[in-house]
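One chain comes next, on its own, written out as structure tokens in the form predicted on its own.
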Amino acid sequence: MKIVIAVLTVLCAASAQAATPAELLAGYRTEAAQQAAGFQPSAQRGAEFHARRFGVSAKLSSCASCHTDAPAQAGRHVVTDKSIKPLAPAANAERFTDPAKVEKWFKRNCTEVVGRECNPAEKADYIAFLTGGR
């Protein structure tokens, strides 16, 4: 009986961590609206952010450096040469479903490419771009 309870506890905890891209987008939209009243995510701003060259690193100059100009396609890390699964949730159903992973990668990638952590508005715009605004 203890094993069954332990397994159920683990399964419930795992499902509590699961999210959808829309849920994550809504969370970032709420955070951004607290900082700037009336904020609405923009897929256009997200696309511009994805393509923008930030100048922090010659090799990691933009998100597109590794994730390509077409995020529905696989990418390749320009430094390590490791393959990267598609960034767009339509092409990779695992994307933007684990809030802890999302925060980990936003923190790491924003620091390397943008030169600082991304703010909630940038994250909301980026997810709007990658999900087609959904």
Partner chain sequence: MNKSLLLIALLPLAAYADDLRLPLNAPPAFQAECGSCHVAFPPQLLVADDWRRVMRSLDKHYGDNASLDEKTRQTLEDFHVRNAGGRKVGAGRTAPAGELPRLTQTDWFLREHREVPRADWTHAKVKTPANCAACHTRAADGSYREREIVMPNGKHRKD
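Please read all numbers here as calculations on a predicted model, not as lab measurements. Positions refer to the first chain, counted from 1.
Just so it is clear, the following notes concern the form predicted together with the partner chain, a form of the same protein that is not shown.
- For the partner chain in the predicted bound form, the listed stretch (45-53, 23-31, 71-79, 89-97) containing residues with heavy atoms inside 4.5 Å is 71-79.
- Heavy atoms of residue 112 reach within 4.5 Å of the partner chain in the predicted bound form, making it an interface residue.
- Shown without its partner, the chain has 104, 105, 108, 112 in segment 92-113 as residues with a non-hydrogen atom within 4.5 angstroms of the partner chain in the predicted bound form.
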